[in-house]
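Before any questions on binding or motion, here is one chain by itself as structure tokens, the form predicted on its own.
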């Protein structure tokens, strides 16, 4: 059972996450032969104040 975890900045709509989950599931089914029901996708959302790149908070950019 594949478990895919996605960490991204908060602010995506439920519809966007729905589409992402569907497309990732499609790829896992196509490439690994697993059944759709066996693919789990979890979204972890972080605020711009809780995410940094290159030592700089995203909220400071």
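Computed from a predicted model, the values in this text were never measured in an experiment. Residue numbers count along the first chain shown, from 1.
Note that the form predicted together with a further copy of the same chain isn't included here; everything after this is about it.
Participant: Counting only non-hydrogen atoms and a 4.5 angstroms cut-off, does residue 50 reach a further copy of the same chain in the predicted bound form?
Facilitator: Contact with a further copy of the same chain, yes.
Participant: Considering only heavy atoms, tell me if residue 22 and a further copy of the same chain come within 4.5 Å of each other in the predicted bound form.
Facilitator: Contact with a further copy of the same chain, yes.
Participant: Indicate whether residue 10 is a 4.5 Å heavy atom neighbour of a further copy of the same chain in the predicted bound form.
Facilitator: Residue 10: no contact with a further copy of the same chain in the predicted bound form.
Participant: Note that a further copy of the same chain is not shown here; using its position in the predicted bound form, name the residues of 28-61 with a heavy atom within 4.5 Å of it, in sequence order.
Facilitator: Contacts from 28-61: 28, 30, 31, 32, 36, 37, 38, 39, 40, 41, 42, 43, 44, 45, 46, 49, 50, 51, 52, 53, 54, 55, 57, 58, 60, 61.
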